[in-house]
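What follows is a single chain, given as structure tokens, in the form predicted alone.
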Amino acid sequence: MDRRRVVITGMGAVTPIGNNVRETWRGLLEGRSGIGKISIFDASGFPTQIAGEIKGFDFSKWPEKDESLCLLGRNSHFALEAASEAMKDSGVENARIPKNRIGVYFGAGDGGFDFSEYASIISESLNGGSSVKMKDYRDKSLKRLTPKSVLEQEPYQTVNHLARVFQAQGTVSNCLTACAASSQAIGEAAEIIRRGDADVMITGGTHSMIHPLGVAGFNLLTALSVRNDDPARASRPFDKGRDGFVLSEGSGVIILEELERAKKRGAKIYAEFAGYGATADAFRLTDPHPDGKGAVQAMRLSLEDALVSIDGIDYINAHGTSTELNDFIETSSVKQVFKDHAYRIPMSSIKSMLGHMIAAAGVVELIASILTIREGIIPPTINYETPDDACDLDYVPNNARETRVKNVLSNSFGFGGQNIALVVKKFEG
């Protein structure tokens, strides 16, 4: 039996440069940075004091709609808003699609962790500064925490909220494979539709690690930029002066739909989801394999799945984190896959403007890839000032570029060695 075709019929986003898709896309084409000083907590004593925070967001909206959503973490706020935009955009809510044929597959990271409360409880329970009096900790925790506030720390809660709010009664799953999470969720969601287990999937990712533990952890790994005096120029993928990625937050959601059902209801079709490749390096926690083996294989698998040759890709949306090793390995991997054609393919990183949204990064980058096909404009890699001999491809430096784009490859490579490559095509009926 021929596998079912999958198309994208709706999109939503909450990012450091816009609280919807239209604002985000405009910011990307303008080359606008969403990076600034951290305001969520006092980061003055940290090596890194900058991040890509969501700005001007209404955190009262969802609790006012439903009192059961009063303890939402930032990640769930962003996910519900992006999903609401995507569902409205797709028209799925008004279509007569059985609820048990609608599912959710998400890459949801943390964002509900109340660091201040936990730190306060621990500090008040210290036994002479060397240990914690467990009885005091227990009593204070039972008094000041609630079951719901504890549960809200779990990433799967975001998926539960999405399923309930949008009455998705089909398959519901969450995967948290670090920076590859939302791309993997999209690939798996597409497979569910292809094999006939659902007709519509709400998919994407959300994350907010801009808290003391998140920033401290990445600082300990020496993964973050410390260009604190110039936040807007801190994220500089493929530039010789790059010194690490910039942590950011937000969410992106796309609606995947089986083609014939989408056509039958007259849905607007943005693009066709065509290829999915997933591999693991099985190497180190933080470093990609030095030969790029996993990344190379993921890209090749996605091209095979999409039935696209190496000279059929018109644009690559790079993982492009702005770390020395990642950018070099990704460049090398692309050259291994595409041979001499690699030098003719534009490849840009929108993390230069958004920072790294971790579990939400891949889906927002896929949204940008889809809009590149629709609009014929490639967003730039900003802050590209000094070429690196080890990174010698066309990174669309500093300015958006108008060009015809039919097929796009989007890369996502996560800590732990997860490699995901997705291919989207211009829809041609």
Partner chain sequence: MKRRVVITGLGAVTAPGEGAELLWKAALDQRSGIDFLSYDDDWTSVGALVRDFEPEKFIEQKKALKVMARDIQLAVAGAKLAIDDSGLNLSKTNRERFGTLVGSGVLNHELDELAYSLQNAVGDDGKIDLRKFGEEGLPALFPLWLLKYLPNMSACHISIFFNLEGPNNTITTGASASLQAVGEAYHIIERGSADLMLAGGAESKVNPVGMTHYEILGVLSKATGNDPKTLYRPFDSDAAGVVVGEGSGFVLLEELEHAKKRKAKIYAEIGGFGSSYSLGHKIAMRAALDASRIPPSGLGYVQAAGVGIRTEDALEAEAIYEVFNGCARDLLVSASKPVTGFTGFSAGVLDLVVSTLSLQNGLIPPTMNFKNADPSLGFQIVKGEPVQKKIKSAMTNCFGFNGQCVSMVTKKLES
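If you're wondering where the values come from, they're calculated on a predicted model, not measured in any experiment. Positions refer to the first chain, counted from 1.
Although it is not shown, the form predicted together with the partner chain is what the next lines describe.
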Any chance all of 44, 146 and 159 sit within 4.5 Å of the partner chain in the predicted bound form, going by non-hydrogen atoms? yes
Only one of 97, 337, 306, 176 gets a heavy atom within 4.5 Å of the partner chain in the predicted bound form. Which one? 176
Only one of 265, 240, 133, 268 has a non-hydrogen atom within 4.5 angstroms of the partner chain in the predicted bound form; which is it? 133
Counting only non-hydrogen atoms, choose the one of 254-262, 230-238, 111-119, 337-345 that falls within 4.5 Å of the partner chain in the predicted bound form. 111-119
So in the predicted bound form, does any heavy atom of residue 315 sit within 4.5 Å of the partner chain? no
I'd like to know whether residue 328 contacts the partner chain in the predicted bound form, with contact meaning heavy atoms within 4.5 angstroms. no
Does any heavy atom of residue 197 come within 4.5 Å of a heavy atom of the partner chain in the predicted bound form? yes
Applying a 4.5 Å heavy atom distance criterion, does residue 78 contact the partner chain in the predicted bound form? no
Select from 401-418 the residues with a non-hydrogen atom within 4.5 Å of the partner chain in the predicted bound form and write them out in sequence order. 415, 416, 418
